[in-house]
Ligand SMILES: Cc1cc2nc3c(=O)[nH]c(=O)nc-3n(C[C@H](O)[C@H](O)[C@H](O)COP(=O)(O)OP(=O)(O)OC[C@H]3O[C@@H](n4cnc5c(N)ncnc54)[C@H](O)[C@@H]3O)c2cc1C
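In the form predicted on its own, a lone chain appears below as structure tokens.
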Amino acid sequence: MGGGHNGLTAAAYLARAGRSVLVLEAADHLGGATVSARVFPGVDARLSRYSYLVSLMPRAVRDELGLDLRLRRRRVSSYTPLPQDPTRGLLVDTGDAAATEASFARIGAAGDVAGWRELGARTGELARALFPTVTGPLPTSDQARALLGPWWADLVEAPLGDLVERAVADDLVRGVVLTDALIGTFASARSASLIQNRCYLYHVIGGGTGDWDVPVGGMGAVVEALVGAASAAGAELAVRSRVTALHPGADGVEVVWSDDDGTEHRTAAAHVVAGCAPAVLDGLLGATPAEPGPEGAQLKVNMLLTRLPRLRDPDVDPADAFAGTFHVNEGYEQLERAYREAEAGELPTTPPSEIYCHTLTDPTILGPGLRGTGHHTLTLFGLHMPARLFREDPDGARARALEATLRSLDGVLAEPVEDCLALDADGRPCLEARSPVDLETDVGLPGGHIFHRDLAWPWLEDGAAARTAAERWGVATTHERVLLCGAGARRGGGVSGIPGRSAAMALLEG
């Protein structure tokens, strides 16, 4: 149920194992949030509309399914202008340690070079230790504690802010570290829930290195590869097929679904593998969803530019600044202030955000004409924009959030980004903004939460012993014949295929 990238992953594995597989997708296309789209009328650009980078997808998924998928690594990790003086900024170049060190000195943070390097070395060790476990059953908490070593105290027993403040002293450098804990997560550095810690953990272990790679051809290439693998294995893929109810029993599950003309169908299945959010699954099972429900907290902005905007920093080429992650007003205290404002129900005064340019690494998502004229895409991810800010007046709140976000971005550029926007066939600027409320409408994410719900630790917690294969693989629901395979499963979140593979392994093992 659900033809997103995880549903397709599960379908491919199960069909290759000889199971009879039917994929039911409510939309008129496969891929869910992992899609490429021609967002702007008359413009030959296929943007990764909702999700952008691939890092958490294990090599095992690509190899086992024979996916024709190419990933490219970004040499530049990040560029962050000083908010109080954008004529200077921190450029982290993974291919040039000396240049990175000089950039630290230029912003007055030379004393943080050693702490930055030590933190990078430690996160590298963490990634190498923990990432290999994602293709097996969940480790126990004791096994995870042994794998994490000193990281256990830093991540599982104390707010991330403690570690950040010990590791580096400069406010800007602290902010760069903290942003990895806030993508898709509404939290403070010191939130007692530690949801920021879990988000940070997933970000720094990606691929076993922590690097976040660009899919050649855009996110749509990921879906095309998975559709090919599932179809070749014999899975039946149906779009415009909305599941409306599930009735599990001792011997199987009755699936009620309707097609495009509203005709109701009932299909008997031995198992259902659900790629939807747990809150959606509860509704289909007739259960009362937990309160409060999931809440996303981001503003997504897609842009097509005729050229990259000029920087105030004369020492950094825009092609380098935007090649990695471009941080906008993401100093440590700025992030905390924006969180407090949003927590109080107010739009952040200076919204923090981060940007990346897909086309600097992979220009193939543009048609030949746009490539020849130097056009580029920019994707902006605004932080601390919880759904609660958009509920009462979705259109008006989105407009206000976009205006504030662009004003924040323009404050660190040498020219307004609006001056660089391309125009579509109707003469309108090539700019699209989507709030959490829009994501709920567009792709069925409850509360616009891009991880379906808050991330969980990637191990069995509290010394719990798994009783079933589904529990061992982190895909269990309240019904043994219904398994999760989406981002809401344990080890979910991001474009990874891990939950889809885990659901297939649990079903085949069970």
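Everything quoted here is computed from the prediction, not taken from an experiment. Numbering starts at 1 and follows the sequence shown.
Form predicted together with the ligand: not shown, discussed below.
Undergrad: To verify the annotation, which of these, C276, L413, A229, A189, has a non-hydrogen atom within 4.5 Å of the ligand in the predicted bound form?
TA: It is C276 that has a heavy atom within 4.5 Å of the partner.
Undergrad: Looking at H376, H327, K300, R174, which has any heavy atom no more than 4.5 Å from the ligand in the predicted bound form?
TA: Contact check passes for K300.
Undergrad: Would you check, heavy atoms only and a 4.5 Å threshold, whether R46 touches the ligand in the predicted bound form?
TA: Result no; R46 lies far from the ligand in the predicted bound form.
Undergrad: Contact with the ligand in the predicted bound form for V243, defined as at least one heavy atom pair within 4.5 Å: yes or no?
TA: Heavy-atom contact with the ligand at 4.5 Å: present for V243.
Undergrad: So, F451 and the ligand: in the predicted bound form, are they within 4.5 Å at any heavy atom pair?
TA: Looking in the predicted bound form, residue contacts with the ligand include F451, since a heavy atom lies within 4.5 Å.
Undergrad: Should M1 be counted as a contact of the ligand in the predicted bound form, where contact means heavy atoms within 4.5 Å?
TA: M1: contacts the ligand in the predicted bound form.
Undergrad: To test your reading of this chain, name the stretch in 23 to 31, 36 to 44, 58 to 66, 475 to 483 whose heavy atoms come within 4.5 Å of the ligand in the predicted bound form.
TA: Stretch 23 to 31 is the one.
Undergrad: Using a 4.5 Å cut-off on heavy atoms, what residues in 35 to 73 are near the ligand in the predicted bound form?
TA: Contacting residues: Y50, S51, Y52, L53.
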